[in-house]
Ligand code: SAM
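Quick setup: one chain, the form predicted alone, written in structure tokens, and binding and motion questions come after.
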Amino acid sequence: MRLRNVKGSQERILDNKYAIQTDGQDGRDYRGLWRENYFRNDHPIHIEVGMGKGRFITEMARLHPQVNYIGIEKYSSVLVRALDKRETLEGDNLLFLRMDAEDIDKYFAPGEIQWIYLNFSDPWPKDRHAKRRLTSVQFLERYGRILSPEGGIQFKTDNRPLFDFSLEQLPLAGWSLEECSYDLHKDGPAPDNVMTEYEEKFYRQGNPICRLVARR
């Protein structure tokens, strides 16, 4: 996907109280302190890794005010679009974190996160890039280090090869599959499901959406 640079995006992120840019900052300043220093409550924390323009996580925060949400995005030019959606949210239960997902266990403490969402992640189709896929064993191990004992992940994609790869990776990383669908919206929009921008587009085109839920 080609990303268009948005002029002033980094400055806007730095000036926004709901966005954190981690460049050059020590993860220890955040690790284990999200509830105390940022949300100031004891609600569970859910994160979306690679949140894109933020439609999914903003709507989740709106529907579930009793949950704290953190959207993680690597690119400033994408994150600023999520800030626009954030302005429509009245609650204080949503923060954005600009960082590379490879550093996720540097910014969250063991057991600090209750749930992780992965939506339409980059498939990295070449075999030599397999470890960069957000459902690879390498990333599953990182998630396992920050999830609470009852925590888990939800993954959605329209990319069947990536979905099959993900199913293969789960047992290799010691995870258990709890739910699996190869056509989530076969009988119409799935109940209790918030669509991303991509998901709605693919659904309207008739493309099947795959979803899995897994726990350690």
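Remember, predicted model here, so these are calculated numbers, not experimental data. In this text, residue numbers run from 1 along the sequence as written.
One more form of this protein exists, namely the form predicted together with S-adenosylmethionine (SAM); it is left out here, but the text below deals with it.
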Does each of A19, D29 and D92 have at least one heavy atom within 4.5 Å of S-adenosylmethionine (SAM) in the predicted complex?
-> no
Does the 4.5 Å heavy atom contact test between R145 and S-adenosylmethionine (SAM) in the predicted complex come out positive?
-> no
Indicate whether P44 is a 4.5 Å heavy atom neighbour of S-adenosylmethionine (SAM) in the predicted complex.
-> no
Mark L83 yes when one of its heavy atoms lies within 4.5 Å of a heavy atom of S-adenosylmethionine (SAM) in the predicted complex, and no otherwise.
-> no
Using a 4.5 Å heavy atom cut-off, state whether A109 contacts S-adenosylmethionine (SAM) in the predicted complex.
-> no
Though S-adenosylmethionine (SAM) is not shown, can you say which of L162, M51, A61, I70 has a heavy atom within 4.5 Å of it in the predicted complex?
-> M51
Within 71 to 92, the residues having any heavy atom within 4.5 Å of S-adenosylmethionine (SAM) in the predicted complex are I72, E73, K74, Y75, V78
